[in-house]
Every structure is written in C-alpha cells, then in structure tokens.
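Next comes just one chain, in structure tokens: the form predicted on its own.
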C-alpha cells in the first residue's frame, strides 16, 4: 500500500489529475527452466513483489513517463518509437505492439515504481511491460485479452530490448493466482492452476547480487543450440517442430548427428519438461519433499549440462544441500549467470540458514547476499 500511495502521489503532484492504478507482479518459476521457448511445460507463479503504475491519458500524442525509483522522466511522441538504451525501450515496445494491431492508442502520462529487485531473475522487465500494456488496454478500451497482452509484452522485450525470451514471464505476471502456481503449456498457451500448499515451509529467495543482463549473456546462444537441434531432427522426422516433440530416446539415437554440445543442451531441456509435469503432480499431492528433490536435479542440470549457472549460485545450492532436512529444495532461478536461488525451507530454519549463508557467502565472495521471503500472488490487476 505504501508503494501505491507514493506512486499515486507522485502522479497527482506532476499531472494534477487522478490516475488509474495498475499493479503488476514479478514471478518465480518453481521448475521448468529454459523450457518455455522450446514449447514445453513450466510452473511459474506470480509473487507479492510488484510494479505499480499511475497512469492517465495525456490528451495528445506525447507520452510523459516518470520512473519513481530512478527519479528520472522521459517524454516522447507516440509517432516516434525509436528504441534506445534505457527502460523506456520496454514501454515504447508495448505501444508499438498496440499500433501494429491497428489499435487506437494515444499519449499517456505515467508514473511507475516497484519493489521487484532488479537483475535478480524475478522478471521486473516482464512486470513493467505487462503492467503498462494492461494499463494502456484499460485506458483506451482496446478490449484485448490477457493472452494478447502477454504477446505484446513479449514482443516489447524481443524487438526493443533484444532478448529472445519465451512467454512464461509475461504469462505468469498476467494470469497469476494467489496461493497457486500455473502449469503452463507453452505450445497451446493454456494453463492449469496448481494449488501450492507448502505447509510448514516458506519460499526464500537468496539474491547472489550478481547482476545479469540476459541480452548480454549466453541466453540467446542456448536458444540457438535448441533450434539447431530441432532443425537437425526435423530433417529426419518432419513431425519434429520443437523439443516438445522429442524424447530422450530420439536424442540418443541422433547423438552423433547433433554433436556433443547441441545434444547435451537438448537433453537437458527434454528431461526438464518431464520434471515439470512430475513436479506439478507432486504439488497436487502436497508431496513437498519429493518436489524439492526435483528442484535440486534441475539446478545441477542447469549448472553442468546447460551451463547457465555461476560459482555464486552453485555455492548457495550446495549450502542448501548440506541442510536437506530443513531445505527440501533449492535451485537457481531465471535465465542464469546470476540472480536468485529459490529455496523451499522449513519455517523454523529460515533465520538460522540466513545467518549461515550470510557468514559463508561473505567470506567466500566478499559481498552480502539479499534475502526475500515471498508469497504467491494474483496477476496484474487494477489497484486502489
């Protein structure tokens, strides 16, 4: 509520009118990493960290947007959406997505701010794009569905920020359900709500403070390796259009044709798709311990096969494994090369583990991690 109040007050101070308030959450992903762009299943959830937008029509074709957190603003014409190098890229990309659909959008006045840690793998950029798209849709009565808004938000990240991301982050931000995860079919773009009852456990995120920019890392290289694998397999079997269509048996049969690196990348993805569906079933049965074991498997697959981890992430997961009695699951989360680990931890052990991590991580890496306890929240919504 404090965030909503401060963003709203900033808007009223600058623009002298009452705004529409929109709240857009960040997300975690329980399991199913680097699977969304391969048309598999993922298990994300919206969290109670969010971007808040105060927005109104400007009455002309100029957009005046102010970042409450950075204390900086930009002004641009809706007819001059040229991508640059700052956060404004994402907002321009959203507006361009509406224009390409021939929708009647005009200039806006907007103030936004958030409490999603940047660079932590919690999809602050997706929250920014989804919240802004939802707000524009409301203001100009465009009547787009949440799925269309997710596609516009994804387009904004692709075309204006240069990141070939899947649609999971945007989908989770828009469709999230309090107290639940979404078993998202990234081919059909449909989902099943999976209630998450962790009983005596909490979700603890530990931020390595290694800040990553996915567009500047090997994310796109991993995606290209998967696409190369599909091209090779499609030549032999035209029914293969994504790794969703591939079994581990088929991969092993074509190992020589794929080559070592492409084979290993594709094998991780196919196995991760299986883990995700298994994991959803375990959550439905409230088998938190078994689910946690899959999380550990995912982490070491990401680290050793997909090679998107880093020393800091591996260190934190190794510490968690030393205390499996209390930390039933731990893994790196997000695109990789930094960000957070996600830990399912016994409530009674949270403070003890935080102290252990703080001491050992600081001694090893000469920096302090951050800790975030999060709850599962609803998706993008109108605030008050």
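Residue numbers count along the first chain shown, from 1. Quick caveat, the model's predicted, so the values are computed rather than measured.
Another form, the form predicted in complex with adenosine-5'-diphosphate, is not on view; read the next lines as being about it.
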Of the candidate stretches 342-350, 38-46, 66-74, 311-319, the one with residues having heavy atoms within 4.5 Å of adenosine-5'-diphosphate in the predicted bound form is 66-74
Only hit among 108, 243, 94, 120 for heavy atom within 4.5 Å of adenosine-5'-diphosphate in the predicted bound form is 120
If we test each of 125, 276, 303, 137 for a heavy atom within 4.5 Å of adenosine-5'-diphosphate in the predicted bound form, the one that passes is 125
Check: Is residue 211 a contact residue for adenosine-5'-diphosphate in the predicted bound form, using a 4.5 Å heavy atom cut-off?
Finding: yes
| query | At the 4.5 Å heavy atom threshold, is residue 51 in contact with adenosine-5'-diphosphate in the predicted bound form? | reply | yes
Next item on the list: Answer for residue 219 alone: is it within 4.5 Å of adenosine-5'-diphosphate in the predicted bound form, judged on heavy atom distances?
Entry: no
Residue 98 within 4.5 Å of adenosine-5'-diphosphate in the predicted bound form, heavy atoms:
no
